[in-house]
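Form predicted on its own, single chain, as structure tokens, below.
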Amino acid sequence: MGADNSNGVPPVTRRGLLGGAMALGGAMAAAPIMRAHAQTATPRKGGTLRVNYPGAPDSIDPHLTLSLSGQTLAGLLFEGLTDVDRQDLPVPRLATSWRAENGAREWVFELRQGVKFHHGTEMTSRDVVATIERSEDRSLSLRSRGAFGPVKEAKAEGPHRVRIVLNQPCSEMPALLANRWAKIAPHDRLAALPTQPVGTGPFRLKEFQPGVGATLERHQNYWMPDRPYLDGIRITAIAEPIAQQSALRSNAVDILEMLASEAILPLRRAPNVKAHSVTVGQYYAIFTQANQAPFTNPKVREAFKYILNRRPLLMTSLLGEGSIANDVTLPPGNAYLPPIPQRDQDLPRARRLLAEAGVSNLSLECFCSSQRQPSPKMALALKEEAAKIGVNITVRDIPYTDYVATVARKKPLYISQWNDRLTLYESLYQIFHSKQPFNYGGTEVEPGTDALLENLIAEVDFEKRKALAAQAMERIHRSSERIIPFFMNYMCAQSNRVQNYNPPLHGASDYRDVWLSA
């Protein structure tokens, strides 16, 4: 669980123990949905919550959206089989209970009955199976491929029971299915999701304006009869920090999500405003994409990891609102993180590795977007430090929509935002296995790493899994295509009229429990 502070060091949490907590032979009994925290006043119903992100949702298809605003929108319209509480433990959502069979190669989920989609039909096992099949359809190139685990087959066993058969054991399945892309949609509306999203969530879409924002209204037949409290939500997009602050101070918006550090500092002193800086596993990665020259050579990838001076970069980019990272995706305090020596700037070593790779007179473009702060500051720092060893970098700051369309997965050097992921399957296997969707270069980190990651996900014993994770991260630290200089706090601010709001721990916000005072 994240801590709401500014020291930049996340505490040890139970998220690393999720897999070990699953009983592999018996049923997981239904538990109550965890509320954000105990109510201190009687909630007031009504009103429209106005939420601002630096960029508008990029898609209303829950299986396609990439932006954090789009993922938040998806979580308001759609739901998954499970959720996680504030301690990062899985709890029921559309499924009421689950059990593992066949050594965690098969998982059986009992579905909640009486849940209605926005268009009036009841959710059944047919919808869950059809959703999983759509997500795994390679021809659709959806972001959700792999979100439901290493799926071999999904089968309906009656109207309210689903069996998910896996290609390998996965003890993390209940937590994994709480991820941002594992959203259930109706089987009869799957083709229409990009234009007419229909889910079971607490809100339904009223209006979507590409590049501008979205308006939602309460789902009157939501399965939790006392939720949501709000009549609706309006999501807007203001990117400039001064304009964001002005909007909150003037009561034009109620919540500012995804703030930059320069925006949150003055808001800490603003009247009638509460600012949050929460320690999470969110980071920006400098991609040295391994399937494009010059980064096809692992020595060049390794050389670039020694260029940045990380601590000054943390201060200049985030004003200290974060923690130093070590080129692996698990933040400090994670139970699986091995004691890898901290990488620091070493320009002579970087120069030597480039020489060993036969690379000289190197000129590259580094792509970033001011709509995703602080990526331009990171790009400029890389440019300045690289020049000291004779590497010429030109920074290209472009609109985020152009970045998504023309840069990510397509250019050799760029900066990308990544949010926290709950499980090893998401944070290691899906990102670094060469055949998984978030390995952008489609390249094995080092020979044998794919097999090591496969064994990691298949292992159900915690101590053995921890040892395999340590081996994998040593390779990732040395040769992966991601440079991760720091983890950044999640920063946001709210008007005092917003009640029962908690900053998100894993990216997307959930406003089911939020209400507005008079």
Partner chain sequence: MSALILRRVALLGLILLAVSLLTFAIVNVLPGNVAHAILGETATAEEIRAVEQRLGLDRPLVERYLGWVGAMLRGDFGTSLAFNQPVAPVLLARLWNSAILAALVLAVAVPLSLAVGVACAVFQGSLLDRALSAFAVVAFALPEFVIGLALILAFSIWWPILPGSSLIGPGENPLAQPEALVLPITVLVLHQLAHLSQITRASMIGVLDSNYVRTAELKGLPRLTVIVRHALRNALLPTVAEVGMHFGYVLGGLVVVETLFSYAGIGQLMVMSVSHRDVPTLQATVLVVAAAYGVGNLLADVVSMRLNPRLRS
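Note that this is a predicted model, so its numbers are computed, not measured. Heads up, when I say rigid core I mean the largest set of C-alphas that superpose within 1.5 Å between the two forms. Numbering follows the first chain given and starts at 1.
The same protein also exists as the form predicted together with the partner chain; that form is not shown, yet it is the one meant from here on.
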| property | result |
| --- | --- |
| Partner-proximal stretch of 296 to 304, 382 to 390, 354 to 362, 405 to 413 relative to the partner chain in the predicted bound form, 4.5 angstroms, heavy atom | 405 to 413 |
| Proximity to the partner chain in the predicted bound form, single hit among Asp344, Glu133, Glu101, Glu240 (heavy atom within 4.5 Å) | Glu240 |
| Among the candidates Arg249, Lys377, His187, Arg227, the residue which, in the predicted bound form, approaches the partner chain to within 4.5 Å (heavy atoms) | Arg249 |
| Non-hydrogen atom contact Asp450 with the partner chain in the predicted bound form at 4.5 angstroms | no |
| In the predicted bound form, Tyr400 touching the partner chain (heavy atom, 4.5 Å) | yes |
| Glu207: touches the partner chain in the predicted bound form, heavy atom cutoff 4.5 angstroms | yes |
| Close approach of Arg138 to the partner chain in the predicted bound form, 4.5 Å, heavy atom | yes |
| Contact at Arg105, Thr124 and Ser171 by the partner chain in the predicted bound form, all three, heavy atom at most 4.5 Å | no |
| C-alpha of Ser434 off by 2 Å or more between the shown form and the other one on rigid core | yes |
| C-alpha of Thr200 off by 2 Å or more between the shown form and the other one on rigid core | no |
